[in-house]
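Below you'll find only one chain, the form predicted alone, shown as structure tokens.
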């Protein structure tokens, strides 16, 4: 496959993205300042590389209505030799996109696409996220009608491999987006995607429910144990799964405006999602492995995400600002007991200043503040002995809480010098950066690490309490 794509690349138009860094971490971390991009992508991401190839079959002719067609492929992965645990292994690369497209075939201004699909309204750059995106998980067919002031995309296919992996079952997927542009100063867009997984009798990876399961027993991994206690000696009669179907959906919206005075552009994105139900979990009891099917226990999980980013030229060619905020509210209607990532609220703000000492030498200053709140009790450990300080001061070794606080507050600051050979711009690339980053979090050791957190008397390494984290970074990032 590598030789095949090397041959294609030799004849194709090639574009891509690379990110490489070294971040010596003297405090036992993994080279990232914090846990994730809620605190801003800068210094919270690892190495990455992407190569996108376009091979023209019948080239476009500018201003012509003649048919055209081409093939696209994208290879990407998050590991580089000597920079992360993957050590650059090609096993971490994936062919994330492959599609053929054609235009002016049958309908004017329509581009037909067959293969991997996607439609989005843009990037929330400081967080490296695309909140208003549909069809990225689908393989099928798509049509995009595009004129200077209007864009309409309709597509559909199968999302089963993305949602279910090796336990594949067909998940029919369809989506639509529309965007209107007014005088290059205003844009508004909306869209959505729906999923339907049909009932397939006899297929163990199709949607099923196990009747009579209590959520607390499921959360504790004690469904079978509780059933046997109620039905002594009748393990062989544990209820069989009941076939059903499954559905989920996603709605997205976008509002953009700019080109007024110092405001270059402001982008507001939102999505509201009903997540697809999970398949099953396995419990072992008395030497037997028994599957518990989870449709009815995981079919009420919703997510609301709202993100906004504005870019200001405070002093043209001397000082630019990017300010972004992110809010998420995740609810699980089946769960009012256990802290999980499906039951939380988070909010964040990131401010980046880039001052241009010269066209190519810049000073970068960035700060962020974030709060994460668990809806169902304590999930964050604020201290090294937090196992002894959970609700009511009693640890529950088989319980539903992990820590002693339901809230995590995290602040980060980053500063350094940036070399931009192509001149001013927060998103001008390539960028060569020398940065210092500092984080304070109410959670103990709130960054990737290999610390032992057990309070077992046989712990040879001891426990560490640390709320501050410091990292020095040398980074390079480029688009081409």
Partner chain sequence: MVLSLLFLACIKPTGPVLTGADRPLTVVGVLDAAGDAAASDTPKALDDALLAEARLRKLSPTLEEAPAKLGAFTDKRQTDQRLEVLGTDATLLVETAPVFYSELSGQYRWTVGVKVTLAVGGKHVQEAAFDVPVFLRYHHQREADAVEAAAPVVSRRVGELLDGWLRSGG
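Residue numbers count along the first chain shown, from 1. Treat the numbers as computed from the prediction; the structure is a model and nothing was measured.
The form predicted in complex with the partner chain exists for this protein as well; it is not shown, and the discussion that follows is about that form.
Contact annotation for the candidate site: 309, 434 and 480 all lie close to the partner chain in the predicted bound form (heavy atom within 4.5 Å). Of the heavy atoms in residue 195, none are within 4.5 Å of the partner chain in the predicted bound form. The closest non-hydrogen atom of residue 267 lies within 4.5 Å of the partner chain in the predicted bound form. At the 4.5 Å threshold, heavy atoms of residue 329 stay clear of the partner chain in the predicted bound form, well away from it.
Contact between residue 465 and the partner chain in the predicted bound form is not found at the 4.5 Å heavy atom cutoff. With the partner omitted here, the residue from 342, 84, 187, 296 that has a non-hydrogen atom within 4.5 angstroms of the partner chain in the predicted bound form is 187. Between the partner chain and the residues 250, 72, 209, 338, the one pair within 4.5 Å by heavy atoms in the predicted bound form involves 72. Contact annotation: the partner chain lies within 4.5 Å of heavy atoms from the stretch 259 to 267 in the predicted bound form, the single such stretch among 259 to 267, 210 to 218, 163 to 171, 300 to 308.
In the predicted bound form, the partner chain lies within 4.5 angstroms of at least one heavy atom of each of the following residues of 53 to 90: 53, 54, 60, 61, 62, 63, 64, 72, 74, in sequence order.
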